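Only one chain comes next, encoded as structure tokens, the form predicted on its own.
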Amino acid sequence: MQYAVLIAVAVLLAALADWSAIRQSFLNLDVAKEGLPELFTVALRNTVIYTLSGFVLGFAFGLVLALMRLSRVAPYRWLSAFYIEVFRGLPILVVFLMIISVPLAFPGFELPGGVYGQAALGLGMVSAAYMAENFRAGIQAVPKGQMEAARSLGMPHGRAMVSIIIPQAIRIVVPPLTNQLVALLKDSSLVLILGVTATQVELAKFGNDQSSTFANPTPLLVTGLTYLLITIPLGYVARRLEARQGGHR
């Protein structure tokens, strides 16, 4: 019965749709070609740069925050917890607006890299808060016997963390980190708020500009498909990694 309803709805929508208008508005190949090769050489390239730079910064800072959260020094734990709660609760758009406003408090201050630096900082600050919790869970998931064995061999606590505990924790949290990379890729669309130029546009703004120029939504569809070409494989990789880890438990 459910399949029959689904088929009936699909047939009804197909019958009611104006396929000529759909092809002209959403599948206009002439309009789609106007965005080439800049779609890949400019927009996609910038999207990847924004995403990876934010991910690298978030990875490094998130690991530091996780270690602070697990520290025996109370002020470190408090500072880490405060940062994580604040930046997990702030929309990334607000973070970008705050970064834009920094020169008001520090006249003449400019981040290295201009928009690229601002994007990396904003994406990195927010992703670090989420990655910190992933890292903390990964570190706590490593059997305590690993640290005890290292210390029994005379290895200092810091060396044991760097050489034994952290590498294992990173392997454990690879699936959620992959999901975080997907989230950052989509969040990079908000970089437009930083005031990008034609050579700094990412996929979403590029598609919107093209759509406005030609008064046709086809570029938006092409942009969406380009995002999916990246996010779907990454999502598949994350699921496979999660399944593999689940099978090893």
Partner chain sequence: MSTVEIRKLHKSFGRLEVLKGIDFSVESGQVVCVIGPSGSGKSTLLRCVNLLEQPTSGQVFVDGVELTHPDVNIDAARRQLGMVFQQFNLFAHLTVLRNVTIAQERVLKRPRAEAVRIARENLEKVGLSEKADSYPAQLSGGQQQRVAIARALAMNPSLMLFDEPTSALDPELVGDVLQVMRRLAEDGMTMLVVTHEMGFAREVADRVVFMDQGVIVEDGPPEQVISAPRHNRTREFLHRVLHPGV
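In this text the structure is predicted, and so the values were computed from the model without any measurement. Positions refer to the first chain, counted from 1.
Note that the form predicted in complex with its partner chain isn't included here; everything after this is about it.
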Report yes if any heavy atom of residue 155 sits within 4.5 Å of a heavy atom of its partner chain in the predicted complex; otherwise report no. yes
Determine whether any heavy atom of residue 146 comes within 4.5 Å of a heavy atom of its partner chain in the predicted complex, and answer yes or no. yes
Would residue 99 count as a contact of its partner chain in the predicted complex, using a 4.5 angstroms cut-off between non-hydrogen atoms? no
Residue 77 versus its partner chain, in the predicted complex: is there a non-hydrogen atom within 4.5 Å? no
Would you kindly say which of 174, 81, 164, 94 lies with a heavy atom within 4.5 Å of its partner chain in the predicted complex? 164
Only one of 111, 150, 170, 90 comes within 4.5 Å of its partner chain in the predicted complex by heavy atoms, so just point that one out. 150
Go through 67-75, 138-146, 115-123, 99-107 and give me the stretch that gets within 4.5 Å of its partner chain in the predicted complex, heavy atoms only. 138-146
